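A single chain, nothing else alongside it, follows as structure tokens in the form predicted alone.
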């Protein structure tokens, strides 16, 4: 056996041991450490919670009916679940540091999925989050938009309504199943017409081994139960009359379906060009819906583009990366706004392309779901 093989085996064994130790530490902390009952004072005593210690602040508040935005479902990768912790929190953890500025750390802002309730705490929660509700609805329909994206329509409980601002998102629960030992939440932009207050439409793309997408694609059934909470997010159309550029890919189509429905409903005639990126023709979605919006909204143009068009596609449209195609249409974006939805990588590339054409960063709007 070569030295290289021995080195590889040694590194692999070390990684395995470290992984096992990390799991054992998590299990020990959860089941062996008893933190007893703790009190959480919210907003200077506006709300007092008596809770069992040991879980993350995010999970503890959720169990008490107080829902904090978390696009990644508590994995610590999105940095959205920020709360001010004035007392009872441990020192800032390495997993929090990438998501917090020096000013935020000075103001006791924390990533609440990363800190656990181990003693009495004092926290501050934005007032608007007290109105967030959880709904126990049902799955009304599941439609294949293409080979790896489904449009799922959820019905709210009878008599309930959900008021959505186009661009907002909800958190969908994946319940316990064979590969998921406990319920988890994932964030999805709402795709439905905001005038329909009794349904929520979500575009859900299959992520290999993803907890929630695996549940949706392999276990969710029409007529079955569904739990979700919201709405969340500040991603929405501005109230200016600036020309707009939309950029999306894959399931990033969702918020723009809602925004365009709103523009149609309200007769908003701001000029907008929507660039939608896909690899091949089979990855495109909602082409009929986009054609209908082009007919209903006078100044709306939809530009689908393929980065890896298959010869059999016989594609006559735009080709290349979505950002490159956008740059072909605009030389100067200094007086325009942009709205983005997609992977963090696509959003980062779009910001570079837009600012490179003169767009101000304060005129670029998005929710970056990790």
Ligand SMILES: Cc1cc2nc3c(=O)[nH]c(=O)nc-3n(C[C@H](O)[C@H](O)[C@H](O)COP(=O)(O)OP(=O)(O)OC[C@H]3O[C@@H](n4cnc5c(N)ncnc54)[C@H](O)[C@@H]3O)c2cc1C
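These numbers come from a predicted model, not from an experiment. Numbering follows the first chain given and starts at 1.
There is another form of the same protein, the form predicted in complex with this ligand; it is not shown, and what comes next is about it.
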query	finding
Residue (of 75, 124, 270, 219) lying close to this ligand in the predicted bound form, criterion heavy atoms within 4.5 Å	75
The single option of 93, 280, 129, 207 touching this ligand in the predicted bound form, heavy atom within 4.5 Å	207
Partner-proximal stretch of 84-92, 271-279, 199-207, 155-163 relative to this ligand in the predicted bound form, 4.5 angstroms, heavy atom	199-207
Joint contact, 80, 188 and 368 to this ligand in the predicted bound form, by non-hydrogen atom at 4.5 Å	yes
Contact of residue 254 with this ligand in the predicted bound form (heavy atom, 4.5 Å)	yes
Heavy atom of residue 246 within 4.5 Å of this ligand in the predicted bound form	no
Interface membership of residue 229, this ligand in the predicted bound form, 4.5 Å heavy atom rule	no
Contact label in the predicted bound form: residue 151 to this ligand, heavy atom within 4.5 Å	no
Residues of 118-136 having any heavy atom within 4.5 Å of this ligand in the predicted bound form, listed in sequence order	none
